[in-house]
Ligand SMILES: Nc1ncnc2c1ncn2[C@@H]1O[C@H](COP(=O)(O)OP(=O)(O)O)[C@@H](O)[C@H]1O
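Here you get one chain, nothing else, as structure tokens; it is the form predicted alone.
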Amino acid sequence: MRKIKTGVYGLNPLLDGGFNENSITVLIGTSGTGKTTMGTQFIRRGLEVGNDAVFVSLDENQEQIIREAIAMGWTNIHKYIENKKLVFIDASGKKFSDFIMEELPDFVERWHGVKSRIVIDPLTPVIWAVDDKYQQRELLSILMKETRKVGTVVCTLEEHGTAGRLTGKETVIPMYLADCVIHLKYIRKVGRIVRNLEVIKCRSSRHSSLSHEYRIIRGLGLVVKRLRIARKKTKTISPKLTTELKKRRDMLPREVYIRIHEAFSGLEDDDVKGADPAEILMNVLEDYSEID
């Protein structure tokens, strides 16, 4: 799976190198957590390496987004707009079901194969456009499936209800459909606001399971604070486990033996998250204990 840089300083190591190419990432958070800023960082990073970019706005107008981007240090954003490397699609005020079913296919046909970066900000109006859950899922599924054909997509999603619980009715379907989900949140402490992000899931990729503090810095955008703990790279496979596997070699089909050995040889400490590799191996072997 090819990785592309997120544009958010300090985030790439938490995603094993960045976003998966042609994937859908959903950023969930309340107002003020930096979702739109993170989206513009993602687009800007792609433009720096020659990608084209599309910003689909379902809420704020283009001028407001540009002002916010400039405030975060993207002073030459107009250059990319004038060169038509960055395109804004203003979908605010439209009936989103019509936009997705009628206008989106034409857009995908025109941009197919471009390998662009796309931001959809925010998804929330699409969900609110219809009350029926099945229709919501259908609209979001089409939106994600079609835009993925054009490039790598980052969507923002407003979090409502009890902050931090991710149980709001607007979050369930997008979280299920997305390839990667990042939760942005903040808490108020005496005299300051502390912001944290968590990678809830990232398909086909290792990712951090911890909560990471980040800051929004003028001129830079979101910057994730580095942990002071060095990331372990030690492989969990050991001579003892290798010996145990070899004992079962003649008891397992050859392809099964090879698959299990490869799986355990590739494991790292981050994968097992404190579990005992020997116990995991025994569970796996037990599943094949009754093979004739």
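The numbering used is simple: start at 1 and walk along the sequence shown. Because the structure is predicted, anything quoted here is derived from the model rather than measured.
Below, we refer to the form predicted in complex with this ligand, which is not included among the displayed structures.
In the model of the complex, this ligand sits beyond 4.5 Å of every heavy atom of G46. This ligand in the model of the complex is not approached by R188, whose heavy atoms all lie more than 4.5 angstroms from it. Using a 4.5 angstroms threshold between heavy atoms, R195 counts as touching this ligand in the model of the complex. Residue contact with this ligand in the model of the complex: I89 places no heavy atom within 4.5 Å of it. Only one segment in the set 145-153, 197-205, 70-78, 102-110 has residues whose heavy atoms sit within 4.5 Å of this ligand in the model of the complex; it is 70-78.
A heavy atom within 4.5 Å of this ligand in the model of the complex is found for exactly one of A129, V172, I216, V114: I216. In the model of the complex, the residues of 24-46 lying within 4.5 Å of this ligand by at least one heavy atom are, in order, T30, S31, G32, T33, G34, K35, T36, T37.
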